[in-house]
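Shown next as structure tokens: one chain only, the form predicted alone.
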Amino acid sequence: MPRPIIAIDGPSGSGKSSTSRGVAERLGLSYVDTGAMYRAMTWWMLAHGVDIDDPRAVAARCHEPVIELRVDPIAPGVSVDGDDVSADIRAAEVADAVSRVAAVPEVRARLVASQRAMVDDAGAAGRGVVMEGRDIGTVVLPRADLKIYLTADADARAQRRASEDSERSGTGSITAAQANLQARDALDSTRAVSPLQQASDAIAIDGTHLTLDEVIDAVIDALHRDRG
């Protein structure tokens, strides 16, 4: 049986990354964190002094950085021009800017092409993929074997994001996390190109009151049901 291609979408703080990694690890699949790719692009723009509020400036330089993703769910990461930036892309300034960079059509075109190529490479090697993001089931992989739209209520998402911030930097404010998530949701869901939305054939999972293992189980159960 062919190895599955699983698309997991949803808003910031919904638990996409942890869920996708867990599913990939359990099923022995590659894990593609598309958000890390957009963060890496944003990090590069900031590091090179590009005005991220100028879409033309971002578009003009988005083909310069060499972004490579590690797809091992146990040790994922991302490098830019050969340097590991897995920690750098989680900085607050990157988080605050990434939605603006990700909204630039040329950025999306370049990274979507890379994401599809990664799936092709995995298939050629006999591996399946779990890919997570905001437009995977709708744009990047519209023919994925399974599409999941993962969400959680606003409070749960803010608490999760504040906890992640605290683990990384020692400080994490729920109020600040709520404001950041609201801003990102607004930008991601209203951008002209590939807005955040649930694919018509996606299975919605609300993880508000579920543990991580329960969400992972729900995704795997959905795959098994779909494949008979």
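Residues carry their position along the shown sequence, with the first being 1. Computed from a predicted structure; not experimentally measured.
This next part talks about the form predicted in complex with a small molecule, which is not shown.
Of the stretches 198-206, 49-57, 66-74, 36-44, only 36-44 has residues with a heavy atom within 4.5 Å of the small molecule in the model of the complex. Taken together, the three residues 16, 98 and 136 all lie with some non-hydrogen atom within 4.5 angstroms of the small molecule in the model of the complex. The small molecule is not drawn, but in the model of the complex it has no heavy atom within 4.5 Å of residue 116. Within 4.5 Å of some heavy atom of the small molecule in the model of the complex lies at least one heavy atom of residue 102.
Looking at residue 127, you'd find every heavy atom of it more than 4.5 angstroms from the small molecule in the model of the complex. Of the heavy atoms in residue 161, some are within 4.5 Å of the small molecule in the model of the complex.
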